[in-house]
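One chain follows as structure tokens, the form predicted alone.
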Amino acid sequence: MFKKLSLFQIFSTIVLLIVVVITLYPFVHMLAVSLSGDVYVMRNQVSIFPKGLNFKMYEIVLGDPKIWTAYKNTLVYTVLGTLIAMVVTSMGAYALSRPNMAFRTPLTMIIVFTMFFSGGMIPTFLVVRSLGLVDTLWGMVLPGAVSTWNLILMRTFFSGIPRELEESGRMDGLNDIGIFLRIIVPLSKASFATIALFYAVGLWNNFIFPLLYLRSQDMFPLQVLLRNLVLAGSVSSGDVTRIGGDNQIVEESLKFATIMVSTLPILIVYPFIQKYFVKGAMIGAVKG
């Protein structure tokens, strides 16, 4: 028998269904337009189902070498940036979570201060330029290596791990690094997966850093290429403007196809860490 639902549960279900529809509709519409024939797109007859199945736009997008170069750059920035960010953030969070750390409270206050007041775009750019990181790989991954919010979340999670585990590790001869690697890290898979997802999504969608710190087009990631596509109306000079006989409509299909190609990989990652996400989302929650 079905359990009788309360008014709150019914209302919450309806609201969540509306949110799901609002969230999914743009992706479904873009996918339908990118897979539809030129005639149906020009007539604005495509809604959520493709008409006149056509993979021409994806052939153009995936056949452009600029797309694959941007894909490679984005993957490198995301993987390397996430790895560096997780190492720095987790080690800093572990140090701040130890009650016997010298100057623990002042350092925490200074770090929290940066979450509300930052130097700004121009001072940050001047620092990056003075360090010689402009138009380099490191200019894409080092300036955003630490997020104050993520650092505080991990520090709160580490603080909730029982001290008895650390004491037992010291009795077995482990130092601070050994305790962190052999005890803290294995017990913190949920927090690592959640924070890594936050960093990866931020790096994959990073748009400001490439505009500020990159000069060579060969180093541009997908987001900059997508921005140039939206502004210029084409991925590469050539056959794009001749497809379908209507430049504006065809360019719209091409943009949607490029958006789908650039968005799909980061969406595929989520199901693999979904089992950790619910636990990780409770980082910092009050425990009974």
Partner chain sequence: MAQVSSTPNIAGKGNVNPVRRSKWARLWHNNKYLWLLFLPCLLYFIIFRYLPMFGLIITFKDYNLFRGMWDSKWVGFKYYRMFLENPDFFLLMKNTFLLGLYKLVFGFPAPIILALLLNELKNAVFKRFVQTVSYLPHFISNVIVASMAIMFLSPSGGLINNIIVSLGFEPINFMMKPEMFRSVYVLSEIWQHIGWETIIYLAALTAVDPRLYEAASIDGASRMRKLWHVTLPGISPAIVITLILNIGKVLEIGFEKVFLMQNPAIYETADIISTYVYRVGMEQGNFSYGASIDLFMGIISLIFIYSANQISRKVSETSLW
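On a predicted model such as this, the values are computed, not experimentally measured, just so you know. Positions refer to the first chain, counted from 1.
Note that the form predicted together with its partner chain isn't included here; everything after this is about it.
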- Would residue 98 sit within 4.5 Å of its partner chain in the predicted bound form, counting heavy atoms only? yes
- Does its partner chain get within 4.5 angstroms of any non-hydrogen atom of residue 259 in the predicted bound form? yes
- Task: Please run the contact check for residue 123 against its partner chain in the predicted bound form: heavy atoms, 4.5 angstroms, yes or no?
- Result: yes
- Task: Please check if residue 53 has a heavy atom lying within 4.5 Å of any heavy atom of its partner chain in the predicted bound form.
- Result: no
- Query: Can we say 8, 107 and 205 each have a non-hydrogen atom within 4.5 Å of its partner chain in the predicted bound form?
  - Reply: yes
- Find the only residue in 80, 88, 137, 193 having a heavy atom within 4.5 Å of its partner chain in the predicted bound form. 88
- Query: Can you pick the one in 75, 161, 201, 183 that has a heavy atom within 4.5 Å of its partner chain in the predicted bound form?
  - Reply: 201
- Within 105-121, the residues having any heavy atom within 4.5 Å of its partner chain in the predicted bound form are 107, 110, 111, 113, 114, 116, 117, 118, 119, 120, 121
